[in-house]
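This document opens with one chain alone, in structure tokens, the form predicted alone.
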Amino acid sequence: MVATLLEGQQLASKIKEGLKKDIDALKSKGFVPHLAAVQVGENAASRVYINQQKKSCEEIGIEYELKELPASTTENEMLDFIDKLNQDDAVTGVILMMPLPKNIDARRVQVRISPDKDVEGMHPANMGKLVYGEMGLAPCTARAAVELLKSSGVELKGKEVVVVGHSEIVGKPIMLMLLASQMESPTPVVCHIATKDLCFHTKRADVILVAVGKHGLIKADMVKDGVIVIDIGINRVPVTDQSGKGVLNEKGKPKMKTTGDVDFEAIKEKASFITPVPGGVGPVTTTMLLYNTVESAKLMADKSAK
């Protein structure tokens, strides 16, 4: 058996086509999806992400604006700025660029964003909706993983699903999304760093979703034949030759590669479906940010119509 790859770009393109139609419909009503990204100080890594966001938004017709605040910004000034964005009808979505300066409580600022403009899906009100089976504005990475899983076409009803990792932005919301249907849900088990026997759980799983950030955590002898694997982990590890020696790049530094949390090459020989890293969950996560931005604009349009 060789697994079918669940490649993210194909699913992302399909979702974007649907979003373009939604955006055209919104614009015909006078509502333009407008995403405001807030950055405090300068950060080279986030700048790359900002450029990617801007490009992705503009490709499908979402207006994108970067709001830059000085590194000296205080927490109270930051909160006041968020309040202004909440009150600005031209802004339909807000995203915080991390990291924030140490003097600013990121969680407090995140909670200050209006739930209707929370495109990252991290506001307690949006998290709480998941408990009621309402997807709404859900965390982007978690939603991307679940959408990729559903794209396999496999019926999930009653399946044994193991989620490895219980973070508030991935593991926990994934579990709630899987339980959204009263009659069609799988049976999820959540494992984490305190789990005594991870292998016991993964060997029983029909589906494994893993988001830990540990290269090679899930090995082939830990899964059964025909398993579906959604690898959400992102790791940078050295490239090695056949003898196990590290390979150097043209500058004489260790050559690095991006991997997930599973032993992809070995497990793809046993799995029925598997996501590659990179190229799996990543492209869909970016698209889920666009999806949430459009959903935020829809919320504003609906409120205006009432």
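In this text, residue numbers run from 1 along the sequence as written. Quick caveat, the model's predicted, so the values are computed rather than measured.
Beyond the structure shown, there is the form predicted together with nicotinamide-adenine-dinucleotide (NAD), which is absent from this document and is the topic of what follows.
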Item to complete: With heavy atoms only and a cut-off of 4.5 Å, decide whether residue 126 touches nicotinamide-adenine-dinucleotide (NAD) in the predicted bound form.
Response: no
Item to complete: May I ask you to state whether residue 230 is within 4.5 Å of nicotinamide-adenine-dinucleotide (NAD) in the predicted bound form, using heavy atom distances?
Response: no
Worksheet item: Is there a heavy atom of residue 212 lying 4.5 Å or less from a heavy atom of nicotinamide-adenine-dinucleotide (NAD) in the predicted bound form?
Response: yes
Discussion item. Quick check on residue 192: any heavy atom within 4.5 Å of nicotinamide-adenine-dinucleotide (NAD) in the predicted bound form?
Written reply: yes
Worksheet entry | The single option of 113, 207, 217, 130 touching nicotinamide-adenine-dinucleotide (NAD) in the predicted bound form, heavy atom within 4.5 Å | 217
Item to complete: Would you mind picking the one in 148, 164, 94, 138 that has a heavy atom within 4.5 Å of nicotinamide-adenine-dinucleotide (NAD) in the predicted bound form?
Response: 164
Practice prompt. Report the stretch among 166-174, 84-92, 117-125, 103-111 that approaches nicotinamide-adenine-dinucleotide (NAD) in the predicted bound form to within 4.5 Å, counting heavy atoms only.
Written response: 166-174
Discussion item. Whether 178, 185 and 290 jointly form a contact site for nicotinamide-adenine-dinucleotide (NAD) in the predicted bound form is the question; each needs a heavy atom within 4.5 Å.
Written reply: no
Discussion item. Given a 4.5 Å distance limit between heavy atoms, list every residue of 244-282 close to nicotinamide-adenine-dinucleotide (NAD) in the predicted bound form, or none if there are none.
Written reply: 281, 282
